[in-house]
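Below you'll find only one chain, the form predicted alone, shown as structure tokens.
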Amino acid sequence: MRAASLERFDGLADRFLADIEPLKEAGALVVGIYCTYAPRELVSAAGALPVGLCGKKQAPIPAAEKTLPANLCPLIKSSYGYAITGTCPYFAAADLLVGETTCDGKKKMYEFLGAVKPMHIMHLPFATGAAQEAYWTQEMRRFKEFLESATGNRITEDGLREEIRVQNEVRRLLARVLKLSSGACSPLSGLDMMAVSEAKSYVADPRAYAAMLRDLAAELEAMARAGQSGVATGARRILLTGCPVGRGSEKVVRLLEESGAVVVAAENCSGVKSFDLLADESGDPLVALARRTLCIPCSVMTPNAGRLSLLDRLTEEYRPEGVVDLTWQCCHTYNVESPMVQGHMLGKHGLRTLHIETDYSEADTEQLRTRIEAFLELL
């Protein structure tokens, strides 16, 4: 049984362009973003509209490979392919782009994108600590000044604090929705949770999105109280970790759930990492944004103990029977961390991990299906 409220999230990305048209006609700029490190609060506080850009499908990759090397991760090639083929409507709508230096491949790809549209680069430090926090706060300040210059609007502390409050509320509500998967009778599938979380990148009004999340949470909570499940009885509970997934790159999630499992939590930056941490709503808002984002346990961080801590917490809350660690081909940092994750989950929690390295194509779908079915039989 699928919650009726989920249908409202299915078409959000398709409605986004129509929703922002009157705002663009009134002079609002659209800022295209690629990563969880992008501070959406700053964009909104400048009176601009943040939107997630395309990069999760195979179709534009051949065009990208005319410029970029083939042995680059599909996320980068897809992002660039969409940009140069004019097939991403959100890229077309964007007046400005912001990128964060979360890997070497992205850094070099941004140099090409900067020739297509005005682009601001935020240089992310690769460790946490007082010095890194001060540096990253200065990067937030530099982005603030870029937005103020581009939009002609001043970002006030009160305005930024209000946007932090709104985004924190969205994060709390996403966590409330996901929390329902911790019960024995989960009211929503991993694919549905992915769609709900991904929709936050395509909303013109985050307050309206928060209202939708409240309605969904209320309906799912009622389903859980009534013992109504959104997944098959006896489905194997899987914790997904590794690279981000989304509409177009959901191959592994789909195969897991077609094979009789349910992804009860996704510890990636398209899942829990994007809404697990809250920003401080008091004090200096730029410091609060820097502190929150710097603590995101992405594999580009070194050391990255935060990823294991988050996996520990999710294991305790969602009681998975197995772990699937997804790495996009040539994503070296996640690939290097894979043995560490496998050893940790087996040694500390007694959980087997299936490491999958793949790309966006469907060429290995049936091979992956066989591996996944065999893995589920072992659990």
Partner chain sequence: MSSRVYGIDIGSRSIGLVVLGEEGVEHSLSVPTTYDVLKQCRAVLEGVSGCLAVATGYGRKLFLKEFGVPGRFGRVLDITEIQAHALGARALYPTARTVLDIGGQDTKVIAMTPGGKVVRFEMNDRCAAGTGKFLEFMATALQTPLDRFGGFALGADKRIAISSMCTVFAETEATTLMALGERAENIAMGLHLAIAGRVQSMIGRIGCEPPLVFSGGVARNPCIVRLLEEGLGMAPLIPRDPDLVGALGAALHGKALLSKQSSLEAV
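If you're wondering where the values come from, they're calculated on a predicted model, not measured in any experiment. Numbering follows the first chain given and starts at 1.
One more form of this protein exists, namely the form predicted together with its partner chain; it is left out here, but the text below deals with it.
Visitor: Since the partner isn't included here, can you check whether its partner chain sits close to all of Thr302, Glu316 and Lys348 in the model of the complex (heavy atom within 4.5 Å for each)?
Guide: None of them does, since no heavy atom lies within 4.5 Å of the partner.
Visitor: Can you tell me if Gln329 lies within 4.5 angstroms of its partner chain in the model of the complex, counting non-hydrogen atoms only?
Guide: Yes, Gln329 sits close enough to its partner chain in the model of the complex that at least one of its heavy atoms falls within 4.5 Å.
Visitor: Please tell me whether any heavy atom belonging to Glu377 falls inside 4.5 Å of a heavy atom of its partner chain, as the geometry stands in the model of the complex.
Guide: Glu377: yes, in contact with its partner chain in the model of the complex.
Visitor: Flag Arg15 as yes or no: does it have a non-hydrogen atom within 4.5 angstroms of any non-hydrogen atom of its partner chain in the model of the complex?
Guide: Although its partner chain is absent here, Arg15 would stay clear of it in the model of the complex, with no heavy atoms inside 4.5 Å.
Visitor: Under a 4.5 Å heavy atom criterion, is Asp364 part of the interface with its partner chain in the model of the complex?
Guide: Judged by the heavy-atom cut-off of 4.5 Å, Asp364 is in contact with its partner chain in the model of the complex.
Visitor: Can you tell me which residues in 316-354 come within 4.5 angstroms of its partner chain in the model of the complex, by heavy atoms?
Guide: Read in sequence order, the residues that approach its partner chain (within 4.5 Å, in the model of the complex) are Gln329, Arg352, Leu354.
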